[in-house]
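First, one chain by itself in structure tokens, the form predicted on its own.
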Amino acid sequence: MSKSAQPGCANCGASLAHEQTGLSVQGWNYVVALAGNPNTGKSTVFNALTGLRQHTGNWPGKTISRAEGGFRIGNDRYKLVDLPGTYSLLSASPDEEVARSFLLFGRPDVTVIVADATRLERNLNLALQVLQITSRVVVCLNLVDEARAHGIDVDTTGLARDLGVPVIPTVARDGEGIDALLAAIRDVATGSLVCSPRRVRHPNPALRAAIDRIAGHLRKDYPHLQQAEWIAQRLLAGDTRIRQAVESGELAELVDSPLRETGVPA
């Protein structure tokens, strides 16, 4: 959904959410979040995408640094926001809280998850958590050269099928795969590629029933809410930030129009 839309249109809530995170989107067509575990080469991917078109600062009210940059694909301008490196989104640390809040309330048009091909199993934990929040995801499988050197050959086609989102192999420090990554970002941002993410259900039957019951109430109140099951899980876990969002009415801002939900540009 283009950020150049006029006041009163479907993305005004998103623009307000960006302002609340201290992010200026004026003049940019799309916002892309960059997420990943520490030591996956995320900063190298950021530099490969943005070159020297970047600046740093802090997240509002935090001492956590934030890097922003930009790049162009065709006639569209993309703002890239580098999220703190995290292993999960359970909001157990300030870094996790910042990353999760931006993914949930900042509503980026695309989230690029940088994963280390040599430690894929460890990295998939964060990827699956992100997929609970947003379907507009591209997995950047970085360091595939190191994986090959260790005899690791990742079936990226099969992984993309299992996750339901594009998986792009890269060696960011050499620029390998960056053009394909840009193409995937463009396709997801513009809606020409609609993702069908794998969302893991809780294995405990009793908890699953409780999650379904709460998620049902959320969907009744917010028919187009995409994160109902994830929000239900966090409410059951006693997540203070999510409870505040429900009680304050902030949750209503997460409800996108049917056009946005199906990936069709508004």
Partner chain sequence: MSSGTEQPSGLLAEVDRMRWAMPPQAHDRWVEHLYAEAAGIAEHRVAAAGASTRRAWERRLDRWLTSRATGVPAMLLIFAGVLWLTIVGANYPSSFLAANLIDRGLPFLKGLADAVSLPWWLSGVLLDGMYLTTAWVVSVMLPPMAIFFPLFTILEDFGYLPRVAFVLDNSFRKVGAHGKQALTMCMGFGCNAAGVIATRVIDSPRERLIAIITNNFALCNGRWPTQILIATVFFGALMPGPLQGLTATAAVLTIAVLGVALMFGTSAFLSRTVLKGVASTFSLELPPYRPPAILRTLYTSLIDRTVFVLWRAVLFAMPAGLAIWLISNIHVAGQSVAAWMIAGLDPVGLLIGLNGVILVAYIVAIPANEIVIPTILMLTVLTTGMTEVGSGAGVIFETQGAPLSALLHAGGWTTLTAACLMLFSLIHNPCSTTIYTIYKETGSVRWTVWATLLPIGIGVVLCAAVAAGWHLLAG
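Every value quoted in this text rests on a predicted model; they were computed, and no experiment measured them. Positions refer to the first chain, counted from 1.
What comes next is about the form predicted together with its partner chain, which is not displayed.
This chain appears without its partner; in the model of the complex, the one residue of Q129, T190, S101, T134 with a heavy atom within 4.5 Å of its partner chain is Q129. Only one of the listed residues (G51, G27, P223, P203) places a non-hydrogen atom within 4.5 angstroms of its partner chain in the model of the complex, and that residue is P203.
The chain is drawn here without its partner chain; in the model of the complex, the stretch among 142-150, 101-109, 68-76, 178-186 whose residues come within 4.5 Å of it by any heavy atom is 142-150. V154 belongs to the set of residues with a heavy atom inside 4.5 Å of its partner chain in the model of the complex. With a 4.5 Å cutoff on heavy atoms, W59 counts as touching its partner chain in the model of the complex. A residue is said to contact a partner when one of its heavy atoms sits within 4.5 Å of a partner heavy atom; V194 fails this definition for its partner chain in the model of the complex, lying far away.
For A252, no non-hydrogen atom is located within 4.5 Å of its partner chain in the model of the complex, even though that partner is not displayed. Along 203-236, residues P203, N204, L207, A210, R213, I214, H217, L218, Q233, R234, L235, L236 each place a heavy atom within 4.5 Å of its partner chain in the model of the complex. Here's the thing about P60 and A232: their CA atoms end up at least 3 Å farther apart in the model of the complex than they are in this form. Inter-residue distance, P108 to P60 (Cα): increased by at least 3 Å in the model of the complex versus the depicted form.
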